[in-house]
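Okay, here we've got a single chain as structure tokens, the form predicted on its own, with questions on binding and movement later.
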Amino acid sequence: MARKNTARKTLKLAPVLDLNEATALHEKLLALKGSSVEIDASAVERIGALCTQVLMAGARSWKEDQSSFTFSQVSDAFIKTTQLVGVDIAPLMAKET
């Protein structure tokens, strides 16, 4: 049985996550599959609904794989937009130790 790679990887999101960025975001997440992932959304200035869906699908997939998928840092614009589209990322925020 293959051993899961438990090393934590960080994915820093682009400032603009629009329709054009959705495929690239999906591919970046797929490349991190099998690792614990920490999302850095501190530089996000704009995020569209499709990229929000890609991130939430990633969170669900990681949960199904029983791997960690958290947001370490988020910008105000990221929080406001996700709330506007009805997504609560609070449960996905990294816990401070």
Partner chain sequence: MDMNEIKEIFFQECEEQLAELESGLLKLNDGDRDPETVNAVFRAVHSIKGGAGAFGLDDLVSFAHVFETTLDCVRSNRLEPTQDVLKVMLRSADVLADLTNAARDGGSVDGARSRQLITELEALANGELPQPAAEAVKAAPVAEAPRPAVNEEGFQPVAFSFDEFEASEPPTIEPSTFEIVFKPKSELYSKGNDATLLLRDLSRLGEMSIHCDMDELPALDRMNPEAAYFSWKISLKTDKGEDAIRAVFEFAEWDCELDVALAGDASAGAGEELPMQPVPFDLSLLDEEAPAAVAEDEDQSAEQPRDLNDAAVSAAATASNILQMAQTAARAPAETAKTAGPAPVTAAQAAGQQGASAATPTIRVDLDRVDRLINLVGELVINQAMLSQSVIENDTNGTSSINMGLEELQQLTREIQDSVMAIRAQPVKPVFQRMSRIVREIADMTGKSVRLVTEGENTEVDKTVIDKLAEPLTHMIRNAVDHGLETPEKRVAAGKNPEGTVRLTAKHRSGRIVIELADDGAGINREKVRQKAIDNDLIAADANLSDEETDNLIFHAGFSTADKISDISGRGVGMDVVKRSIQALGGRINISSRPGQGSIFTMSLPLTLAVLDGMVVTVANQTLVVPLTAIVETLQPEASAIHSFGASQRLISIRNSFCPLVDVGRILNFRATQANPVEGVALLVESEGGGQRALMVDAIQGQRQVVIKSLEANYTHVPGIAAATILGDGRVALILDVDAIVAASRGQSLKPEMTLAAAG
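Numbering follows the first chain given and starts at 1. If you're wondering where the values come from, they're calculated on a predicted model, not measured in any experiment.
Keep in mind the form predicted in complex with the partner chain is missing from the figure; the text below concerns it.
- Interface membership of R60, defined by any non-hydrogen atom within 4.5 Å of the partner chain in the model of the complex, is confirmed.
- Although the partner is absent from this view, K9 stays clear of the partner chain in the model of the complex, with no non-hydrogen atom inside 4.5 angstroms.
- At a distance threshold of 4.5 angstroms between non-hydrogen atoms, I39 is out of contact with the partner chain in the model of the complex.
- When contacts are judged by a 4.5 Å heavy atom cut-off, G48 counts as touching the partner chain in the model of the complex.
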